[in-house]
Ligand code: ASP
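Read the single chain below, which is given as structure tokens and is the form predicted alone.
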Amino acid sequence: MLKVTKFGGSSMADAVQYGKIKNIILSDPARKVVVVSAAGKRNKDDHKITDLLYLCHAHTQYGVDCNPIFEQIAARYMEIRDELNLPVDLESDFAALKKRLDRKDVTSDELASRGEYFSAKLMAAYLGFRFVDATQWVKFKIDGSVDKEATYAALQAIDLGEGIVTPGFYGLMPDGHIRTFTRGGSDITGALAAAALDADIYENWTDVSGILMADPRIVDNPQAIPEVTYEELRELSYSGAQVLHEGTILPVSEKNIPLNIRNTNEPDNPGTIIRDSFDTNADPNRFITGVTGKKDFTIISMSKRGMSNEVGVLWRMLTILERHNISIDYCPNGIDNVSVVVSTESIAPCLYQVLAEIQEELKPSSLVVHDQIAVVAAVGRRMASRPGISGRLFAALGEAGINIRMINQGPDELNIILGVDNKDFAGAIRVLYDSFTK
């Protein structure tokens, strides 16, 4: 058996956290591939190393002294090294990096990647594993997308031996330059490693015991989700849940590799398992997976008599939005009306131009704009087998005095999407959560 493990920034924050990771890795010989993030915050007033590295680069570009920031970064890693008594020469690496930084001879991506680089160097020494730089196997194409074929082949050619530690977050461009993923991209590195090696499981270790059914900032002590399908996770992420980097799912789902979200601080907690499918009868009382949402949407609603008999109305409306590079989030419609739900931020600069074009090209009988809209989603693969779910939701929201401005549900019944006023966002989340857990 082979397990690929990835540890996030909070797990790499200090020497105490390193000790927890070592216990986790050494407790299971199948954990032979370790992917690490840069050191994260030790407390709420602390700084993430990656943030400091980006700040350091910005200072240099504008001719501002970055020495205090750079020294803070170096001191953080040397403190971890010294507390763990590791024979790692960080001084030389930091001195060479500082010289390049002073010459403005290091890109923002390369500098930002050094947090993961130093983390991996220290962790490899601490575990007694071999350090494998991400540039040795994570390969990008010239357009910045991952070259999966080259990436998988490169990692497969590396001898895992007793175990390896590799940095997350970055890889190598065809021209030899380092490129980073977007923030949180170490999750992707772990997923690519798991897929390349056909791992039995990909463990993503963080500071929460799995995925929660709702945002704990809105719902007090929400229940954890023991199991979720890739499809449900995609729906939750799209609807607003901050779960994993969006690029993480595809590599492991393509190979049907289970993904296990675990808590470094509670290693005995099984966390959340994510895979293609589960036995729907395993827990008959749980038919909602999670409740999530986002605020600040705008609804453009158009009505036109006889629209159902007129070919191409919806297509022409969407074409107008496409011309302005506006992405459609939802599109509920009726017989003679159609609505599009878009982010307010994206439509605001061109709203009146879009409305004018719709008016000119489609000649609607009415054209109405609703803003300050929040979208709330209840997601669950078992909803399709339970009659009366929608009625139950609407009744609960009505009792709470929350007005529903929009309803959208796909034919697969994996989710129910509701639009409410921004001011009712948190209340709607709590009402929906309580409706299915109490």
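From a predicted model like this one, the values you see are computed outputs, not experimental measurements. All residue numbers refer to positions in the sequence shown, first residue = 1.
Quick note: we don't show the form predicted in complex with the ligand, though the next part is all about it.
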Checklist entry - Quick one: does Arg183 come within 4.5 Å of the ligand in the predicted bound form, counting heavy atoms only? => result yes
Heavy atoms within 4.5 Å of the ligand in the predicted bound form: does Ala38 have any? yes
- [ ] Using the partner position in the predicted bound form, report whether Phe169 sits within 4.5 Å of the ligand, counting heavy atoms only.
- [x] yes
Only one of 57 to 65, 393 to 401, 30 to 38, 372 to 380 has residues with a heavy atom within 4.5 Å of the ligand in the predicted bound form, and that stretch is 30 to 38
Restricting to 113 to 151, the residues within 4.5 Å of the ligand in the predicted bound form through any heavy atom are Glu116
